[in-house]
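Given as structure tokens, the chain that follows is alone and in the form predicted on its own.
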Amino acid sequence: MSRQIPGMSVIVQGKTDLPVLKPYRLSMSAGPADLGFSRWLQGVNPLTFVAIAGLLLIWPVVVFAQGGYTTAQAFEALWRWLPFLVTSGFALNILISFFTMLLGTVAGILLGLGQIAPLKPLSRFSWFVTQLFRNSPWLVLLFIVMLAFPFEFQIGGTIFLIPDWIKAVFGLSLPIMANISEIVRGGIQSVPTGQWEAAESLAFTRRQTLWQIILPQCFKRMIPPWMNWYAILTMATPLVSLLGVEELVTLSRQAMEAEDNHPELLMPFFGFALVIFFLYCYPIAKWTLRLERKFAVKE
């Protein structure tokens, strides 16, 4: 006996007319490979990070000891610009990451459901879009979106401007959408096929089976890799500085230019950017691995 569940790539086989549910070994989309970034970030010893930061602070003192601009003056400049960098710079990085993750998650869920759809044209198209954006460089996608999207549009007699950061959200949401799509597809296919059969025997429709039986089980499994991708996305938001978006890195460069571009400013300003991103993403990585252990399927 061989039969295939519509929209699923798994074929159920048996030798008798009385099939039994054999032990099933789960292969989850939220496997170790999907949490590589969080594992690496969580594995960073904070003391090691402090030691590296200390060496970076000592370096300008040694190299530029003969200059007229001291390291103390550089840190005083950083302190003056600190409120501006946080409220106008890093806050925009967080805003971009939030809206990108929101848009990418909604589109990724739809695309992931499309991959397991019983309609072949829809599933193949969803698979193609997923693979296209999963394997495209993020910076290339950003440039395409920034150049392809209009800077303004007109409705009636009113002209509406499109800020650069909104276009950056659309550009970054494309690879996030593709990776969320794979998380959804893998999470659904990690549920034992016997549950599809049981729902079919109880006259559940495919929609009822998916929304009432399958998705509630794999939702918790998809949370850790989803959080992992949010941390990756947050660390990637400085890419938009190359397109002129005034986030933390861009404003740091502008602040250093306002301070006459002294070389001693490099380590304090960019070191601050490193520290604030680390402090934001490190707890997310810890929480991701904790949720992975909590929601792991016990075999």
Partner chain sequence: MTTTNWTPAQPIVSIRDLHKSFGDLEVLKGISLDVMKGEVICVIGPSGSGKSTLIRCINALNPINSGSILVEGQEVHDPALDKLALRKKVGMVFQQYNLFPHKTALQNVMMAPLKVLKRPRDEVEKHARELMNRVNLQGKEDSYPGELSGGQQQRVAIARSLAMNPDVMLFDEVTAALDPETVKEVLLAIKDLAQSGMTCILVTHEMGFAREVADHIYFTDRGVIVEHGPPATFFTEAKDPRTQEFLSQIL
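Predicted model only: the values in this text are computed from it and were never measured. Numbering follows the first chain given and starts at 1.
Another form, the form predicted together with the partner chain, is not on view; read the next lines as being about it.
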Stretch in contact in the predicted complex with the partner chain, which is absent here, among 134-142, 224-232, 190-198, 101-109 (heavy atoms within 4.5 Å): 190-198
Tell me, yes or no, whether residue 205 is in contact with the partner chain in the predicted complex, where a contact means a heavy atom of each within 4.5 Å. yes
Contact of residue 217 with the partner chain in the predicted complex (heavy atom, 4.5 Å): yes
Taking any heavy atom pair closer than or equal to 4.5 Å as contact, tell me whether residue 87 reaches the partner chain in the predicted complex. no
Given that the partner chain is not shown alongside this chain, does residue 92 nevertheless sit within 4.5 Å of it in the predicted complex, heavy atom to heavy atom? no
Candidate from 77, 129, 213, 113 lying within 4.5 Å of the partner chain in the predicted complex - any heavy atom: 213
